[in-house]
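Shown here is one chain on its own, the form predicted alone, set out as structure tokens.
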């Protein structure tokens, strides 16, 4: 299914708002550490921000505080110039799409979508016009008289999205809305969400642990680790220049290889048998993405196992010191060993203690 990009739904939906998060903190009673210790960020108006991180990193807690479903421990949240951290959810001018759809089973699609408008006493003619317009945009016009039990998972998710955007929010929040869909529907719905965002222009905040969703949907990705921002940048920038070993090992499928290396007397020995200059001696973590490793030259490494993925293979190799290295290769047969080399322009360097990127220490020739 493909959505057509016609005019925006309404003037209100076309204009998003900046979100300013200042010194935000959240601690639960009895917890040994803060879920979110001190977070400051600026989400630009009309931007699609994806909050990415592992389970327990605080991403859903952050989203719920933006929505008003969680109380703020400390700090401020501003939508534009208006502080909202003390406001009830209904007064914030935002709408939320949940993971479990949360549709009323006894109501039709049309009634589910216009429920909030009826509560707000919007006149009937205006309600019907908004339902028709949103249904047309989400290709739900033929389903308005059906109940949720008569819909597929993808259709239910579109109804949930329609119910949110019919309120013409300036801020649209998504709490892992695709996790209940099968792989094919996730792919289709990702494309629909990207097109929908461009059409309505609301400031969108999308929580997920799926890096594919982050890479394909986001204008910028906020990667959280234990409630702290590890990196907040466009997905292409994060992929090309991860700010830490956490980001390097989290974003990418397969993730970046991270190997322990040592610099002595200004030279660093690499696992492929070559050396590179380094401006500081000591222990480091060397990073290189599997697809950037060159095959056929360099050190010979034993093949441990391989995954055939149709378009390419992912091969796990054993380095001379017993470490593991993943490389990508064209599909087909692979022997018991491969020769690999590391192009210098593809190398990343991280401090062994802090895990932070220190690329400027490498002397590339």
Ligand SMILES: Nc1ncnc2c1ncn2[C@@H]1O[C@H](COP(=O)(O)OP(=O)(O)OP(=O)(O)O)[C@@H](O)[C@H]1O
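Numbering follows the first chain given and starts at 1. Everything numeric here is computed off the predicted structure, so don't read it as measured data.
From this point on, the text means the form predicted together with the named molecule, which you will not see here.
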Exercise. Would residue 28 sit within 4.5 Å of the named molecule in the predicted bound form, counting heavy atoms only?
Worked result: yes
Exercise. Should residue 82 be counted as a contact of the named molecule in the predicted bound form, where contact means heavy atoms within 4.5 Å?
Worked result: no
Problem set entry | is_contact(residue 57, the named molecule) in the predicted bound form, heavy atom dist at most 4.5 Å | yes
Exercise. Wondering, does residue 328 line up within 4.5 Å of the named molecule in the predicted bound form on heavy atoms?
Worked result: no
Exercise. What is the one choice in 272, 176, 192, 168 with a heavy atom within 4.5 Å of the named molecule in the predicted bound form?
Worked result: 176
For this session: Could you work out which of 35, 315, 39, 67 is the residue within 4.5 angstroms of the named molecule in the predicted bound form, going by heavy atoms?
Result: 35
Exercise. Where, among 305-313, 335-343, 49-57, 319-327, do residues come within 4.5 Å of the named molecule in the predicted bound form by heavy atom distance?
Worked result: 49-57
Exercise. Taking the named molecule in the predicted bound form, which residues of 188-227 have any heavy atom within 4.5 Å of it?
Worked result: 209
